[in-house]
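Both blocks below hold the same protein chain, though in two forms, and each is given as structure tokens: structure 1 and structure 2.
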Structure 1
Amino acid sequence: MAQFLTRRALSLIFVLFSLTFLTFLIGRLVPGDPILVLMGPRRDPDTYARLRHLYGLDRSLIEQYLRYVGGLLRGDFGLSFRYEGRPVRELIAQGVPISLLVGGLALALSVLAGVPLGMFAALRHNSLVDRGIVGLTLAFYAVPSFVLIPLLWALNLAAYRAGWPSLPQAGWGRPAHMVLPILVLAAANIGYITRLMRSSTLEVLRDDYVRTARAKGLRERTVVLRHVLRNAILPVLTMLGPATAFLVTGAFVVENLFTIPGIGRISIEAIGQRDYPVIQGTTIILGVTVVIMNTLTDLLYRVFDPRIELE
């Protein structure tokens, strides 16, 4: 276990280094002098030198990187290029809880829907219900989110026109605003988790201990909940890392189309304003979230299934 933890910690450090270093480097490679842009029509060398120093651009590249990482550890993402001297942290702070809420709920929904759907399909293997679930989840998985969004919008619009209860098409503020974005974000992951849960349940159903449990005369309910579910759900755990990674790209699309003031929308707005430190900050936050999820998944998997020897 100690060896596993050491190796995991080393790879964690390498991933965090890669993420911050490449993000820093790409931000520094931007052509043009950001200070000149910041100064606008002001053209005196004193202000130039002062701003250059304020933004730390008068130091060597390595020094700048170390200071950047040091700042990150304290939750400091540097200063905005657009709003002189304003910390990036202030600009993105409001977006973080919003994106976490929407992403977290989408992840929860995909597990809560995918696990029962997959098990249900497996328990009725090769039946019409099974085929239906497999077909539906395949469609969920194959249709990109920005095709699903207009489809949901069209359905919602039709419901509105027919005088049925409908949801707001976009915006932010009320819980109803979250329904469509969460559905869109969850769709592909529901598809993936259902398929995974179905195949792992089918495998577990063939295992000896399930046959033993049945032979002991346990009720089907007990067999399914106590023996099948607990073992079949393990592969789903490994999916949480990749599922979060998928949500990260999804957040950009969904937050922009639904005008949700989360991290994805803040970055896209920052791109329009060429506020590169903000884009760097959001990239690192999103990347680190996925790194944390991946590490947690690995550790959890190890705890839940001591048979597994992780590389």
Structure 2
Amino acid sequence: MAQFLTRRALSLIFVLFSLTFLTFLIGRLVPGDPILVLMGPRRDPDTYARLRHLYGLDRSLIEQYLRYVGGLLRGDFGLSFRYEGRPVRELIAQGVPISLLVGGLALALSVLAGVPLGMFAALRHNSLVDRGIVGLTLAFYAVPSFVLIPLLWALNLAAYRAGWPSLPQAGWGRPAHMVLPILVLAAANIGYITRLMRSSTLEVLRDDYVRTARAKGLRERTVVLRHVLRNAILPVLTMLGPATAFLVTGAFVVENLFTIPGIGRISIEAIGQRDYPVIQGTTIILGVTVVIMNTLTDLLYRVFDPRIELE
């Protein structure tokens, strides 16, 4: 276990270095001057030179990068261009809890809905119920979020006009604001997890130990929960890491369209304003989140199957 965690910590350092270098390099190669964007119609040369010096843009690229890495080692992500000197650390601290809440609930909903649906479909193999679940989840997986969002908006608006309970279309502040974004983020993962769990359950149901458990006279519920579920869920655990990455990328679209003040929306606004420090800071946080989730996935894999050696 210690060796495994040490290797993951070293890989995290490599990921952070790669992310900082790539985002720094790409940000500087993108056309446009963030200082001119910040100044707007004001083009005073003295103010321009002062702002470039304030943000360190008058230094060479190597000096800028070394200065940025040195700041990261002290927990300093730099100053935002768009918010005129506001520390990036404050923006990240404001957006990360919101994104983690929405993304975490979406991931939990994906697993809690996908696993039982997949098992239920497998236990009713080739029945009308099985075909209905497969068709519905395939639609969830195939429809992109930018198509699903207007569809949910239209259904929600129709419910409002009919006098039925409706949900807020956008915004943030109440639990009701999270419902539609969570549904959009979870939809594709629910479809994928359901299909993965169904195929895995069908394979496990054909194994000898399941037939032996039934031959011993165990109740079907016991067989399914103690023998089938524990082994069939292993492929689902494997894809939790990629599912997290999918939620991270999906958050850019969902948070922007639903006006959620999370890290995805902050990143989109920073890209439009050439706000290099914010782009680099949010990229690092998102990369760290994916690496941590991959590590937790491997640990869960070991919990469900003690035969697996992490070392």
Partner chain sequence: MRPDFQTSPWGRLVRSPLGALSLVMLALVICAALAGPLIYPIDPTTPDFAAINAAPSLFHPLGTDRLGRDTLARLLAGLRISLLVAVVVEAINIVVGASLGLLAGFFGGWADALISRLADMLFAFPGLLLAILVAAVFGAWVTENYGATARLLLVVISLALVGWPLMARYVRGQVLGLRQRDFVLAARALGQRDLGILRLHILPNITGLVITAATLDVVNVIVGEATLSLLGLGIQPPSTSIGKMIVEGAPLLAQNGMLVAAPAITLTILVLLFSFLGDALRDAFDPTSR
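What you see is a predicted model; the values in this text were computed from it and never measured. When a residue number appears, read it as a position in the sequence of structure 1, where counting begins at 1. We call the rigid core whatever largest set of C-alpha positions still superposes within 1.5 Å between the two forms.
Only one of structures 1 and 2 is the form predicted together with its partner chain; identify it. Of the two forms shown, it is structure 1 that corresponds to the form predicted together with its partner chain, while structure 2 does not.
Under a superposition restricted to the rigid core, does residue 54 display a Cα displacement of 2 angstroms or more between structure 1 and structure 2? Superposed on the core, residue 54 moves its C-alpha 2 Å or more between structure 1 and structure 2.
If we fit on the core, is the Cα of residue 177 displaced 2 Å or more between structure 1 and structure 2? Stays below the 2 Å threshold, so no.
For residue 277, decide whether the Cα shift between structure 1 and structure 2 is 2 Å or greater, given a superposition on the rigid core. Residue 277 C-alpha, core-superposed: shift of less than 2 Å.
Rigid core superposed, the C-alpha shift at residue 42 between structure 1 and structure 2 in Å: Shift of residue 42 at C-alpha, rigid core superposed: 10.8 Å.
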